[in-house]
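One chain comes next, on its own, written as structure tokens: the form predicted alone.
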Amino acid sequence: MRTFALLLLITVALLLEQTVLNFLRVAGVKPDLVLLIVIFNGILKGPREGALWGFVAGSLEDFACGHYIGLNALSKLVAGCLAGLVEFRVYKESVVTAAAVVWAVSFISGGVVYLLLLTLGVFVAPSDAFLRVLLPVAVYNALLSLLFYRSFHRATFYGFLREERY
């Protein structure tokens, strides 16, 4: 049930990113809801599950709208794993801690995308990438995490994302 619920949540986030969020751009960027789900899951479930769901979510994103298949899969795998590394090191119930982790991991994930695009021959000036994409997306994601992290936390431990034990 948890697997189906996460897949559905990722699909809805992907649909929102491709439709509604195009109208909610701030400073020319929109938040990465799929990345938020991956990071939240990593924080709450650890690096292994974070990496797994990062790869799954990134692959879905690549196949749905990516020009470079594997780019999002790899960057979100890294993001999920990095977010999962803090699982036992932080107070997971803290929204502020989650926002800080989301900011840092969003920034690193964007950096991974930037480096992968460079290896593919797509050049963007580092200052433009930093100031116009990486930093604004990281801030946008961190601010959104303040709104949604507590709900995701509750759903993971008490709601529809809870693992069923037999």
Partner chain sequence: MRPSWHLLKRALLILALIMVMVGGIHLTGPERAADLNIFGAWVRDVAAPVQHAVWRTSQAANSGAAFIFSLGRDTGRVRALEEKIAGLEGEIRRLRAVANENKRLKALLAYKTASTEPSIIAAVISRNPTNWFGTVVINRGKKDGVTRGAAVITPAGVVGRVLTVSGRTAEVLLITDPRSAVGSAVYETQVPGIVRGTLAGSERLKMEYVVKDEPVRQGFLVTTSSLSDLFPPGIPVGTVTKVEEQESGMFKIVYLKPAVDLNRLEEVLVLLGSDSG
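Just so we're clear, the structure is a prediction, and the values are computed from it rather than from any experiment. Residue numbers count along the first chain shown, from 1.
The form predicted together with the partner chain exists for this protein as well; it is not shown, and the discussion that follows is about that form.
- Contact annotation for residue 99: none of its heavy atoms lies within 4.5 Å of the partner chain in the predicted bound form.
- When contacts are judged by a 4.5 Å heavy atom cut-off, residue 122 counts as touching the partner chain in the predicted bound form.
- Put simply, residue 20 is close to the partner chain in the predicted bound form: some heavy atom of it is within 4.5 Å.
- Interface membership of residue 14, defined by any non-hydrogen atom within 4.5 Å of the partner chain in the predicted bound form, is confirmed.
- With contact defined as any non-hydrogen atom lying within 4.5 angstroms of the partner chain in the predicted bound form, the contacting residues in 111-137 are 113, 114, 116, 117, 119, 120, 122, 123, 124, 128, 129, 132, 133, 134, 137, given in sequence order.
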